[in-house]
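First, one chain by itself: the form predicted on its own, in C-alpha cells.
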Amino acid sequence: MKFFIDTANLSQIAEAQKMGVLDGVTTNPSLMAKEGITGAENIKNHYKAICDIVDGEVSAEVIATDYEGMIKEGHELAALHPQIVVKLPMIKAGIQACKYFSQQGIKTNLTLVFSAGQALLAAKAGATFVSPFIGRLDDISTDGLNLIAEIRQIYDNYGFETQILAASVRHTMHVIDCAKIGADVMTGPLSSIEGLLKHPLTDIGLEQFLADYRKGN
C-alpha cells in the first residue's frame, strides 16, 4: 500500500519524507489556498518545490472544466516535472481528457469520485489513479469504505490496472480499514500516518526497558 500525504504544506511533506515511508503527494486548489499559494505561476512553482522534496508521484490538479482547457493545462503541468500526475475532475470532459493523456503516456488521477460507476469509467479511460473520497461520503452518512470495496471487486473482476487511491482519509483507522479492503494508495494528513506509530503498550514497554536499563547504570 502506498502512502501519500494530502497537503500543500512543504514542512509537513518534508517531515513525512523523513519518515522514509512516503510514496507521493496529492493536493488541490483549496489546499494551495490554505498555504497562501495563489496565482497560476506561484502554484506551478509550488508543485516543483514539492517534487524537489519527495521521490514519488505528485498529483497536480487542472482548473479548467472543458476538454480543451484540461488538455492545455494538463500538458503544462506534466511538463513541470517527471513526477507530476495530472489530476482531472470526474466529469465527461475529464474522462475524455483522461483517455487522451493515457494514450500520450501521461499519468492521470481522476478525482472527486463518489460511486463505483464513476470508478469504472475512470478505469476504462486508462486512469493511473482513481480517487474515491471516503471521508466526504462518511460526512453524509454513507459508507465510504464500502465504495472502496466495490471498486476493488470491479477492478479485480476485469484486471483493471488503475490504482485505487483512497482520498479524504481523515484518521488512522481509515488507513487500516483501507489496507484491509485492498486500496492501492491512501492519501491523508500527516497525523493519519503518524497515528500508526502509536500504541500505549509500546510506550509502557519502552519506559520499562529504559527504567530497567537505568537501574544497572
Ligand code: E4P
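All residue numbers are counted from 1 along the displayed sequence. Every value quoted in this text rests on a predicted model; they were computed, and no experiment measured them.
Absent from the display: the form predicted together with erythose-4-phosphate (E4P). The rest refers to it.
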Three or more ligand atoms within 2.4 Å of backbone or C-beta counts as blocked, none as open; so place erythose-4-phosphate (E4P) from its pose in the predicted bound form by superposing the site C-alphas and call it.
-> open
With erythose-4-phosphate (E4P) left out of view, choose which of Met70, Ala167, Ala183, Ile50 has a non-hydrogen atom within 4.5 angstroms of it in the predicted bound form.
-> Ala167
Check Asp6, Arg136 and Thr187: does every one of them have a heavy atom within 4.5 Å of erythose-4-phosphate (E4P) in the predicted bound form?
-> yes
Counting only non-hydrogen atoms, which stretch in 143-151, 90-98, 75-83, 128-136 is within 4.5 Å of erythose-4-phosphate (E4P) in the predicted bound form?
-> 128-136
Contact label in the predicted bound form: Ala33 to erythose-4-phosphate (E4P), heavy atom within 4.5 Å | no
Tell me, yes or no, whether Ser192 is in contact with erythose-4-phosphate (E4P) in the predicted bound form, where a contact means a heavy atom of each within 4.5 Å.
-> no
Even though erythose-4-phosphate (E4P) is not shown here, does Gln163 get within 4.5 Å of it in the predicted bound form, heavy atoms only?
-> no
Residues from 1-36 in contact with erythose-4-phosphate (E4P) (non-hydrogen atom within 4.5 Å) in the predicted bound form | Asp6, Thr26, Thr27, Asn28, Leu31
